[in-house]
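Take a look at this single chain in structure tokens; it is the form predicted alone.
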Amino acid sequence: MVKQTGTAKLSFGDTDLELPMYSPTMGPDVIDIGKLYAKGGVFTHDPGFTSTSSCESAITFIDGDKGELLYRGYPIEQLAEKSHYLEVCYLLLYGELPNAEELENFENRVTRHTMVHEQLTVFFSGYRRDAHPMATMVGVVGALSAFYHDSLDINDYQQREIAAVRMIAKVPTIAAMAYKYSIGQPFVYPKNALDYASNFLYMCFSVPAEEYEVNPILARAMDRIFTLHADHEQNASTSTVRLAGSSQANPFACIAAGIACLWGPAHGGANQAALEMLKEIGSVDRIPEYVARAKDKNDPFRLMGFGHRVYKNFDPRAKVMKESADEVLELLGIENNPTLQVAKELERIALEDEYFIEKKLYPNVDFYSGIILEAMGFPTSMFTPIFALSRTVGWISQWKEMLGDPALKIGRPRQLYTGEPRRDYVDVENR
């Protein structure tokens, strides 16, 4: 528990309160209003919870003004350049980077859990062939609790560990199966000889009729996408996982809840929206028209992939993603792709135009991730499932941390009621 560092005085009516204040390792000081209703008989009102700390966490820190993202204190740029996804998973789960033996053991544990129960494959046939892969994932991930009864007891540390490894291992398999089902191809079983990112690409793009070798540059780009999306503090889906977990729901149900929340276009669907916008623009010569529309307050058009709810500076993940985009498109020989040309010119304008600079509308991670995924061969319907499998480790890490918090309470936000006051029932014949 963080130590109290001072008090804040609050006065309203005839009431004077002193509220505890805490100083975090990084970030602004926090006023504890947990006893505000008990002592003062009032609530606070904070739509979107943008000024409210809902929990203590030691996992991820974001400084939106600096454009900084840290996993357990490590800058995302360093991890994306020098590390790989499963090492980052270990870091998020356990708080420190593993030594060689710990990493090998962890990688082996994940690899040995990548297959799913064979009966789970039957679930897919219950969906229409044109079902969105996210609809499939929400249902199938939630159904894992019906198959793995030995990892449902949230009060058992060992069961929590098994559940964590299982989900990190199995969600990519489920995402790949959702993709294969949507295009009418047979499921591909995972290969233990492949690394995490390569295995996912293999399950998505190999077919029984011919050999398939994963290109290491594509695998590295995929691994970076996983790493960049692994966690992002208390966002909507993470808060959903924590809220579900506060009710002591089983871990598979909590992650399914997170996937459902991520499905929203304002959250996990942003990279798909950004790519669709670039395609709508179509060519470089049409950019001025769309930039003018973006500046017009009376035009509902928005430039997707620019700006961020948290980052008021350049999104640090976007820099890494841009490097990967260049590498992938050069490898595939499509660096002259019209969509990419529009993206590059739009980025150049945004970084030089006073309107964008004043409003700090810099390209974010979604701006380039969609281009990379499309170049790899993924349809836009798979962008959010890939985001979900990337974020699974973050959700699990937050869930585990929450269960270990002695201050844990079931989530119960209050409301500012604006409905009718108390009134008496009137019989139907008298209305």
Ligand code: CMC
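Rigid core here is just the name for the largest C-alpha set that superposes within 1.5 Å across the two forms. Treat the numbers as computed from the prediction; the structure is a model and nothing was measured. Throughout, we count residues from 1 along the sequence that is shown.
FYI, the form predicted in complex with this ligand isn't displayed, but the following is about it.
The site on this chain is open, since this ligand, superimposed from its pose in the predicted bound form on the surrounding C-alphas, has no atom within 2.4 angstroms of any backbone or C-beta atom. Although the partner is absent here, V365 sits close enough that one of its heavy atoms falls within 4.5 Å of this ligand in the predicted bound form. By the criterion of a heavy atom within 4.5 Å, G307 is counted among the residues contacting this ligand in the predicted bound form. Among residues of the shown chain, G126 is not one whose heavy atoms approach this ligand to within 4.5 Å in the predicted bound form. Proximity of A270 to this ligand in the predicted bound form falls within the 4.5 Å heavy atom cutoff.
In terms of contact with this ligand in the predicted bound form, the residue from R348, H149, K359, K279 that brings a heavy atom within 4.5 Å is K359.
Only one of P288, G95, P265, P338 comes within 4.5 Å of this ligand in the predicted bound form through a heavy atom, and that residue is P265.
You can rule out all but one of 307-315, 206-214, 178-186, 141-149: in the predicted bound form, only 307-315 has residues with a heavy atom within 4.5 Å of this ligand. Fitting the two forms on the rigid core leaves the C-alpha of D353 displaced by at least 2 angstroms between this form and the one not shown. With the core superposed, M115 shows a C-alpha displacement below 2 Å between this form and the one not shown. In a rigid-core overlay of the protein, V138 has its C-alpha displaced by under 2 Å between this form and the one not shown.
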